[in-house]
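Below sits a lone chain in structure tokens, taken as the form predicted alone.
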């Protein structure tokens, strides 16, 4: 429990204890005890209700606020009427209180704006091992040329191969499109032939780096131990990681997908400081739905994204509400709007569709529909 919640709980208990002592000593009338008890309960609810509210999502938060306003009104009016004996019969007092409370609560529910999702909207293109330098530069220029047709609220990121990072960065200079690398070394420097360090990537002007991609895990045996070292290198060089998680077909069919994703997060992301976590983006890859002929629905995407956010919330509390979680499973212009409409889907990590400027930009427009 946080310090302010402990203080509120202690204050509530102290108020109630003092009121009981004064009542027993004959120094506090009955109506005064009622008022102090109500204030104490209200103070206690401020301590606990805030935590409850942040554990809820979407409409559940609004209904929580609905009853948060309705119940005190429903309870206070008949109690006050009973204490002051202002109404002739108890049933009339209850009727008036119920109608008044229901009307006030309904009005509040109707006018209260739906909590806005203030998380970043991100469309990141992972070009993988595709395009030659001249092709990649041309693709980047085409993306930049059509960027203004979409909403400025969407953050576009392109992640080309190492060989043309420099050329793509130059081609995008002056635009708001960010550039990321597809990987980085786990070491700072040294005799590691063929590796590219985080410092080298950052020196080119990259801002992001993809880490833990399913293909890196599958083909190159990347483990959580390796990824912890890569994450440390990324942060040491002011790079923002896009950390990938996801389960394969065997794990999905065995019903272990929730456990697999939980483990991938706990073994790496849980090791981050709050400051590092605030600069991290999560990408979920349904590996089982990529190249297998099987399809992940928008509801399945929302289900696993909500699960991921709940895992993050256990470690980082309210900060998890601001963490973008991207969907990395065959996102196309045709299904982007349906996916992005889901509560916990904050964008996409795009593969094949990122190799065509018009498709990549069209996916970003999925937020506007």
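Residue numbers count along the first chain shown, from 1. As the structure is a prediction and not an experimental result, all values here were calculated from the model.
This protein has a second form, the form predicted together with a small molecule, left out of what is shown; the following refers to that one.
Interface residue remark: residue 330 is counted as part of the site for the small molecule in the model of the complex, having a heavy atom within 4.5 Å. The closest non-hydrogen atom of residue 215 lies within 4.5 Å of the small molecule in the model of the complex. In the model of the complex, residue 147 stays away from the small molecule, with no heavy atom inside 4.5 Å. The small molecule is not shown here, but in the model of the complex it comes within 4.5 Å of a heavy atom of residue 285. This chain appears without its partner; in the model of the complex, the one residue of 248, 126, 280, 264 with a heavy atom within 4.5 Å of the small molecule is 126.
Residue-level contacts in the model of the complex: of 298, 196, 290, 260, one residue has a heavy atom within 4.5 Å of the small molecule, and it is 290.
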